[in-house]
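Consider the single chain below, provided in structure tokens and representing the form predicted on its own.
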């Protein structure tokens, strides 16, 4: 069989991206030096990345790519950076034979399956973790900031960043961005695709800096609680804007004051908004925000979810006891129920924070929502499928697709009653062609099929090794990893983690996170025989 895809060109560009990944690796080197830690894990990672990247680059000195090569390059890049990202975790746990003793030999990330899970969770901005303890006592500051940096790099997209700064990717950049950028399509802000990529990354960088300054400002003003310092301000800035959720605090955002929680909420909302729309609003056209159908739907979804959960919390909608596998105790449940029931501000704050965190797929927690009653939990589970806007850093299905599906269903109902009528699906006053509508319907159906299949595989695999998980744990784990959300329920809740799963399930969820970040189709296309045949 002759192969139609120029895989050498694709892998050569993967090598280019890997080679330049060594530049952001300098940040954990600096952090390690500031805290008097060894820089060996990152020096080794830089050396391996340079060798691997340089070797792959030689496969095609002058790569020329089309749509097929773009699919392969984007899919392979996300897997390659996740594999490279495991090196600091493994070195911290095992050391370097003859050169460096293990730094934290008890780290759960010494298990290669765990290290790959954590790395893929970081780059895909999922935020699901297999860390046994989340703090800078049981891990180095350098490794912890690497964990957060992977999310920031993955948020706007590594390939989009490469298109922005590497002139060799200017040819074929449009195909690469279409293959990687989350959502039905990317709005071009400039005739030159590299300029569009630079605008998107520029806005992303600027908003991250603003959030870091505000969080550290709250600390300087004594309003942030005991745990916020410059390190935590940077760490949370790096994980909010990519809708990542890798907090260096075991209690996530619950570790900070109400003021910090209120400040982080609007940044999560911004992170889940189409960055092109934000750029146009900041460029003198703020009315474009409210005139945008998707933005109104996005705010509406979070508003409805917030109103429902606020009502439940205000009226005492907590669990009637500690469920099996929950990470909280009865005293914590009693304390939180007493603090929230009948109190509007904390009920509204936690409901809004969690609704925004789940819908945008950030995954932060201002409270252990595992102690909420079933109604509030199922509301959050529903939110895992909503997702942010197209062109944002959020995951899941995306609100624009749900809007188109709702309009399509309404159109079908109308034309069933009026067969002679011609009624196109309109979005923002423009008629969508049937091909775009079919694409959205196909993606959503495929997403749901993969979700159900994922939950089924997790159930089979856990039964195989004699482990028991509740139905809610299994379906929320599949929904959370495929949607790049992060926390699930019970043992996998916001204060728990995915450690209980067997390694085989963890590797399967690595695939779910990878597929979710690529929005499934580019990965599946690469797996079809027709893609490879001439």
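Residue numbers count along the first chain shown, from 1. Just so it is clear, the model here is predicted, and its values are computed rather than measured.
Beyond what is shown, the protein has a form predicted together with a further copy of the same chain; the following relates to that form.
- Residues with any non-hydrogen atom within 4.5 angstroms of a further copy of the same chain in the model of the complex fall in just one of 500 to 508, 469 to 477, 51 to 59, 36 to 44: 469 to 477.
- Taking the partner from the other structure, a further copy of the same chain in the model of the complex has no heavy atom within 4.5 Å of any heavy atom of residue 286.
- Looking at residue 412, you'd find a heavy atom of it within 4.5 angstroms of a further copy of the same chain in the model of the complex.
- Using a 4.5 angstroms threshold between heavy atoms, residue 408 counts as touching a further copy of the same chain in the model of the complex.
- Interface residue remark: residue 336 is not counted as part of the site for a further copy of the same chain in the model of the complex, having no heavy atom within 4.5 Å.
- Every member of the trio 318, 455 and 525 reaches a further copy of the same chain in the model of the complex with some non-hydrogen atom inside 4.5 Å.
- Residue-level contacts in the model of the complex: of 99, 221, 417, 331, one residue has a heavy atom within 4.5 Å of a further copy of the same chain, and it is 417.
- Of the residues given (209, 322, 448, 259), 448 alone sits with a heavy atom within 4.5 Å of a further copy of the same chain in the model of the complex.
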